[in-house]
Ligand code: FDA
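Next up is one chain by itself, shown in structure tokens, the form predicted on its own.
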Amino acid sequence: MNELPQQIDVLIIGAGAAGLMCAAVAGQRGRSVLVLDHANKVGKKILMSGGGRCNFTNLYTSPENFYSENPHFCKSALARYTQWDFIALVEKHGIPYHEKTLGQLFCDNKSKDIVDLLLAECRAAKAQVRTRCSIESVKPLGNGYRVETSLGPVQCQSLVIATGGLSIPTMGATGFGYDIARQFGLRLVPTRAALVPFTQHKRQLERQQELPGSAIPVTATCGAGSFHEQMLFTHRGLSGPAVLQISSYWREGEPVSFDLAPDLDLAEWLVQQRQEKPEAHLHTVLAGFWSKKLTQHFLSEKGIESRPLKQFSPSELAEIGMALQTWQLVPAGTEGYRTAEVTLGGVDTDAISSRTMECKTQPGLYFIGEVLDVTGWLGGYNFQWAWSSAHAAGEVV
């Protein structure tokens, strides 16, 4: 069946996390709902998220875990549909899950469990979902919208934009939601790739050619951001949770500081090691908590020769410890939207009701999820924003 219903109460563009959630909630209220997506299947970003296991929320979700020009905007939706509400939905569907680290909840089996949950909720609510359908134009009517699609025209009372951001274009990401916002005169907060690996200059990469695949716990700091998690060396630069997190705070040309021994005062520790193991070589002692490869690299970068600890004075070891503790780097850039998990910026929330997600100047037009200028930390927060914002809109569309 290729034809679309010509008249519908609620038309949702985008069959990702936010779009499907909104459809289920609206359908449960008895609204007739149609979800359209240009991709060949629904929930592509859900399917690839969390290494295929979908980090679907975080136990510690709070407004402080989100970036926005208006940090207060997300509070209402997050308070009214919480992580506990979505966890209850997961449990209702019998999906096994576990906490991995730092409150991050993952499916035990696969991400498809979350997509199946959303589709089951849509079926129960009689919400229709159609893929391989592109949108050609959107025109406001007196009491709704006329949307021209590749499968024919649809008229709706409420139009919900749930198209996400620009991240991972191979998954079908486009700037369509931003185009609609511009069409109706809404301001866009400038967008950029976030939760994204850093790239490094060629000369730095050549010095690190033995390190790709090596990981180390660090505290990464840039501007107001500071994260204590793993850093991973790659063939293009740096990745791992600490790097992805701090990338959201980084601007081109700025330095990023890495504490390479975040649970230790390295200066004090080396002096103590001299007392306890005076015959031990510096590189041997350091390789006790860094790998041998990392130890050799860090010593080489600082031009430090390894000798038995007794051959260094306590003050020399303290200086070496301070020199090795902190690594400051100006990244060449990031890997961009190609690998970014989310898009910072988007539709300016000043134009949107924080209670309903409806555009203040355009009745019946709603924006939910990543298309808005609300971006979460790494660790399930962006999915929770999708569920919360979608639920807020679904209750009123």
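Start at 1 and count along the sequence shown; that's the residue number. Predicted model, so just to flag it, every value in this text is computed and none were measured.
There is another form of the same protein, the form predicted together with the named molecule; it is not shown, and what comes next is about it.
Engineer: Pick from 169 to 177, 138 to 146, 235 to 243, 214 to 222: which stretch has non-hydrogen atoms within 4.5 Å of the named molecule in the predicted complex?
Structural biologist: Of the options given, it is 169 to 177.
Engineer: 345, 50, 333, 364: which sits within 4.5 Å of the named molecule in the predicted complex by any heavy atom?
Structural biologist: The residue in contact is 50.
Engineer: When the contact criterion is heavy atoms within 4.5 Å, does residue 388 count as touching the named molecule in the predicted complex?
Structural biologist: Residue 388: no contact with the named molecule in the predicted complex.
Engineer: At the 4.5 Å heavy atom threshold, is residue 55 in contact with the named molecule in the predicted complex?
Structural biologist: Contact with the named molecule, yes.
Engineer: Answer yes if any heavy atom of residue 39 is within 4.5 Å of a heavy atom of the named molecule in the predicted complex; otherwise answer no.
Structural biologist: Residue 39 belongs to the contact set for the named molecule.
Engineer: Report whether the minimum heavy atom distance between residue 23 and the named molecule in the predicted complex is within 4.5 Å.
Structural biologist: Close contact is absent here: in the predicted complex, residue 23 is far from the named molecule, nothing within 4.5 Å, heavy atoms only.
Engineer: Thinking of 27, 122 and 394 as the candidate spot, does the named molecule come within 4.5 Å of a heavy atom on all of them in the predicted complex?
Structural biologist: Zero of three within 4.5 Å in the predicted complex.
Engineer: Going by the named molecule in the predicted complex, which residues of 13 to 36 come within 4.5 Å of it through any heavy atom?
Structural biologist: Contacting residues: 13, 14, 15, 16, 17, 18, 19, 36.
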